[in-house]
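For reference, the chain that follows is the form predicted on its own, supplied as structure tokens.
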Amino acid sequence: MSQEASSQSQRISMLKVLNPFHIWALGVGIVLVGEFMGWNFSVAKGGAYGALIACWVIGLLYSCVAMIDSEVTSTVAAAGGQYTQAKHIIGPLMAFNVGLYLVMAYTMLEAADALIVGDLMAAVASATGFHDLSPQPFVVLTISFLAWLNYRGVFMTLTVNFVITLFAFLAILALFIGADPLNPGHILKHSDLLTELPYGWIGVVAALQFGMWYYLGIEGTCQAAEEVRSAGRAIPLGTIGGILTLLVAATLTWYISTGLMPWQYLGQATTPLYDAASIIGNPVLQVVLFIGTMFAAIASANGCINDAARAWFSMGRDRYMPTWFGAIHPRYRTPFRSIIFLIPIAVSFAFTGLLDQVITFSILSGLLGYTFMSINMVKFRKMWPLDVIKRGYIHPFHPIPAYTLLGLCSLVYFATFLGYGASLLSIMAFYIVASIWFVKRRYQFVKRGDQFTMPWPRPKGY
């Protein structure tokens, strides 16, 4: 059965149907929910100004991620994204870990998104007289419907993501316009609400962890590299356009929220942008922001299903996992077995209801991937200099972005340790145990030479 799946994946390839707008929708769609909720916990740690510093420092971190990913993925254009990069540049153990980071990061984020949708629906039901409605059926319905959409084809999946992500982004712009920013003091009260750093610079450092919510997942654009019409054009345009969009959205979100709510309230608010619309008192804005919040969560879960399935599929195709997962649907050209397999895992984590722990797992998994990304980038340029292989995009100022990324990742590890030290250590232990399992049980099945699919000069060991 596994040999059959492996041969099928070789005969049938995924469709190359995506353009830069789909890549933008995938990257921004996964992330934008972080503008609607979650980022504001950085305010509780560092105050309003500390949250702004965290927003821009982490924005720099993800700008480095976007530039590095754009160069390597436009060159190594295959499903799996950073996993595929690692297997070419470093080797099987690194590739296994990066692949597992990707799957866990996106599956955890998908679970959190579905839980948000369920909680929003339960809140609406409570407001209309239907109290004590469980959010769990909505969690299952959200994940099941989006998995079905992913099963049926990537073009429709990301076209839907583009529409609902664009609406969510326009909702933020509408709120900004509704706050009358040209008349300071009329609606926005920054002069009254902004204070000094309440906990000093250590609070700013602690805020960095939650600053990740503004941008977490933009690297997911890489998972679609095998399905774009032109990787050298679509990946850089979609990814860099995505990070620029998020930088604008993050800054506007901070500006609106801190001008309407004191930092003590903002730091613990569940839906800060919806609360901002409620304070302005415009019923139309309230409806738009509620729909925008819902659409942002759905778009994020949709993109996470897409990315987690492709990372898992790639690992199955390369024998890191059973090759049964490396199958492509003969009609829809999607990694259908990987999509179905990950559904109960996401639902199980969503049913725990531990939103903060699930998100922390996702953030730390992503952070581990970024750490190795910086190492991979330096080695990539050394193994294949600019004049040796053709690149679709060359990011500037190398190796400054790679070393900047590594330094900022180290700082965020420290920030996470301050608030979630036990979670950080337990997640590290999980990946160490998983690595030992891979070396003992799966490494023997990996055919390293067969993994090298790029027409480049082969390094030693392949």
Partner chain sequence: MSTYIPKVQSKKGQLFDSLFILVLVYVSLYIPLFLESDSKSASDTTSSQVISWESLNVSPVEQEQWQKLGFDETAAAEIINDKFDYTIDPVMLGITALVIIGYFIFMLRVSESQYREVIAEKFGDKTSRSEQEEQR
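Positions refer to the first chain, counted from 1. Just so it is clear, the model here is predicted, and its values are computed rather than measured.
What comes next is about the form predicted together with its partner chain, which is not displayed.
Proximity to its partner chain in the predicted bound form, defined as a heavy atom within 4.5 Å, holds among 237, 197, 123, 193 only for 193.
Among the residues 89, 243, 143, 225, the one placing a heavy atom within 4.5 Å of its partner chain in the predicted bound form is 89.
Listed stretches are 395-403, 422-430, 30-38, 57-65; the contact stretch with its partner chain in the predicted bound form is 422-430, by a heavy atom cutoff of 4.5 Å. Mapping the unseen interface onto this chain, residue 148 falls outside it, with no heavy atom inside 4.5 Å of its partner chain in the predicted bound form. Among heavy atoms of residue 119, none comes within 4.5 Å of its partner chain in the predicted bound form. The shortest heavy atom separation between residue 260 and its partner chain in the predicted bound form is within 4.5 Å. Though the partner is left out of this view, residue 438 does reach within 4.5 Å of its partner chain in the predicted bound form, counting heavy atoms only.
Judged against its partner chain in the predicted bound form with a 4.5 angstroms heavy atom cut-off, the residues 202, 384 and 434 are in contact without exception. Applying a 4.5 Å heavy atom cutoff to its partner chain in the predicted bound form picks out 354, 357, 358, 361, 368 from 354-369, in order along the sequence.
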